[in-house]
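Form predicted alone, single chain, as structure tokens, below.
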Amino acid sequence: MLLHLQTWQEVERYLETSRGIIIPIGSTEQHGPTGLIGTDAICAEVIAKGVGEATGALVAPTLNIGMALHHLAFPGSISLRPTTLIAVIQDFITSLASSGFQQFFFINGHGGNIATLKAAFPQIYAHLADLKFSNADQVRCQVANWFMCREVYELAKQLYGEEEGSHATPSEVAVTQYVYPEAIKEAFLEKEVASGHPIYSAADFRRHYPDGRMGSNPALATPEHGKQLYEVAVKTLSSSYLKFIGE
């Protein structure tokens, strides 16, 4: 169930039986010559919707701008600063907690969001306590990175081996191809692709990763692979969500 397609009365009835909500979060950033700029948000959104359908959970609107400062040397990339993203997440959760939501399950599609999310959660708990919310001590936040789920990782390695890489990966590109087959891109990809360089500034990132890829070969992606990866992610994260709200 998508929150933005409900009425307030429907949400009120939902809260009579569940206090959990799924929040997809991704990024809007370059994904190499064949990856869509919205890849991270697309993957998080479609997987979150699938988990919502499987578990009966409400799914919040997608946070599709993340922490991607290191990609800003590539046209089209958009980023929030970590402090801004923390503030956005805090306001997002505070709004929902004021309605009675207590369990916030973030399905994340972007590695650059992980540290910021983990930093945001303790700040949010303290903020809600300062506001003296009646349910402040019941609020719980958890982040699930779909691409890091063991079952997803194992399938990606089975499909792509070492050519999975760590950015603009064939697994995430495959999921977008499954969701948007009409938007599949083709381009010449150099066989030699950089990997292993630490991430610093945006200019330094582009200098070391000139076409945006990090050790990956997204030419291996197919919509059929995307369907497999999507189904594994939904199954795994549905179990994780149900465990989380049952704690």
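From 1 onward, residues are counted along the sequence shown. Everything quoted here is computed from the prediction, not taken from an experiment.
As for the form predicted together with a further copy of the same chain, it is not shown, yet the points below apply to it.
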- What is the one choice in V193, V46, M67, A57 with a heavy atom within 4.5 Å of a further copy of the same chain in the predicted bound form? M67
- Message: Taking any heavy atom pair closer than or equal to 4.5 Å as contact, tell me whether G38 reaches a further copy of the same chain in the predicted bound form.
- Response: yes
- Message: Using a 4.5 angstroms cut-off on non-hydrogen atoms, would Q30 count as touching a further copy of the same chain in the predicted bound form?
- Response: yes
- Task: Would you check, heavy atoms only and a 4.5 Å threshold, whether G76 touches a further copy of the same chain in the predicted bound form?
- Result: yes
- Message: I'd like to know if T62 sits close to a further copy of the same chain in the predicted bound form, meaning any non-hydrogen atom pair within 4.5 angstroms.
- Response: yes
- Contact at E10, S99 and R140 by a further copy of the same chain in the predicted bound form, all three, heavy atom at most 4.5 Å: yes
- Task: Would you give me the residues of 111 to 143 that have any heavy atom within 4.5 Å of a further copy of the same chain in the predicted bound form, in order from first to last?
- Result: A115, T116, K118, A119, P122, Q123, Y125, A126, D130, L131, K132, D137, Q138, V139, R140, C141, Q142
